[in-house]
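Encoded as structure tokens, the following chain is the form predicted on its own, with no partner shown.
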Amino acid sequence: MEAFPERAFDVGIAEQHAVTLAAGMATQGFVVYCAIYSTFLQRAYDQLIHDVAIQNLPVIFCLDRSGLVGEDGATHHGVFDIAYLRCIPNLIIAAPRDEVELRNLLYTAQIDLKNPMAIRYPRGRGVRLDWKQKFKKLEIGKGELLSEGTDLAILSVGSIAENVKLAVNSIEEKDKVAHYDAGFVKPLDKVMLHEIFSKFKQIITVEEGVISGGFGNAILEFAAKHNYTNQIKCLGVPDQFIEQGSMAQLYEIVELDVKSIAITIKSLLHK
């Protein structure tokens, strides 16, 4: 608001109005970033579908506090957005793994965007010291191989990639585990997925969101559609409301901490 007083609008606690206002501005050719907490976009779900997605307006939704949020508690954990957004036609869903990818997504989104896009990112601090890099245009729907492996593939989406990386590095058989970053929940990188399903019999999906209807379900749907019979294990937030606590405590509760992910990896490798 201070940096761009003529270009920023604070509409108060009125999420429905914010989304419709963003849609209206997009019809007039403006590049609109609509910044809302993940949990509060739920309040504007009807406007998201009817005012933005049906008209296929290129509004860019910046979903802060996606994933677990620590002491803010059950009302603020942004764990439902992947599930409630994934079913909406025209909508792109991106989940950058770190602050460099987030900056590049924000940069990419304002270059000739043809569809609405939701960019989900967590509360808290980043992990990269070299985050201030030259902007790079990203390919929509493109994943990335982060580390090679021979026996098992882990497919993560979003900032939980850091816990996955630490978990893989903590086990003796890390050379057997490949780690892929999906980058996008929608559209999925189908070329990368076919490669993964063709190469690995065992696949683990990891997301900081609800398992029911989430990213892992999207991978299961892809497998069913293409008649793959690989073993798929989905890690994420279970079907319960998570209360407040430190991030370390909450990761342990939902078994997305480094130790729990490592245990899951080893259990599949040793089957």
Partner chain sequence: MEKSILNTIDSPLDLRKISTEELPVLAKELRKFIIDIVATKEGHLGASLGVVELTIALHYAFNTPEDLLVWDVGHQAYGHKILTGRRDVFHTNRQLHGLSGFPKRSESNYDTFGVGHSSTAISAALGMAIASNLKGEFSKQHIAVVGDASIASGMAFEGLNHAGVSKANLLVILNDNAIGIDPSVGALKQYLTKAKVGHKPQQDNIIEALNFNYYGPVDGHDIEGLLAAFEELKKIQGPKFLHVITTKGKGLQKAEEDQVKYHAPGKFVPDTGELLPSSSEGLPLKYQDVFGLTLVELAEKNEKIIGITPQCQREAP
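Numbering follows the first chain given and starts at 1. Predicted model only: the values in this text are computed from it and were never measured.
The same protein also exists as the form predicted in complex with the partner chain; that form is not shown, yet it is the one meant from here on.
Scanning Val32, Val210, Ala53, Ala218 against the partner chain in the predicted bound form with a 4.5 Å heavy atom cut-off leaves one residue, Val32. Glu71 is the sole member of Glu139, Glu172, Glu71, Glu148 with a non-hydrogen atom within 4.5 Å of the partner chain in the predicted bound form.
With respect to the partner chain in the predicted bound form, the three residues Pro89, Phe200 and Glu255 uniformly fall beyond 4.5 angstroms at the level of their nearest heavy atom. Using a 4.5 Å cutoff between non-hydrogen atoms, Tyr180 does not count as a contact of the partner chain in the predicted bound form. At least one heavy atom of Lys132 is located within 4.5 Å of the partner chain in the predicted bound form. Interface residue remark: Arg7 is counted as part of the site for the partner chain in the predicted bound form, having a heavy atom within 4.5 Å. By the criterion of a heavy atom within 4.5 Å, Ala262 is excluded from the residues contacting the partner chain in the predicted bound form. Of the stretches 139-147, 75-83, 181-189, 164-172, only 75-83 has residues with a heavy atom within 4.5 Å of the partner chain in the predicted bound form. With contact defined as any non-hydrogen atom lying within 4.5 angstroms of the partner chain in the predicted bound form, the contacting residues in 107-142 are Tyr107, Gln110, Tyr121, Pro122, Gly124, Arg125, Gly126, Val127, Arg128, Leu129, Trp131, Lys132, Phe135, given in sequence order.
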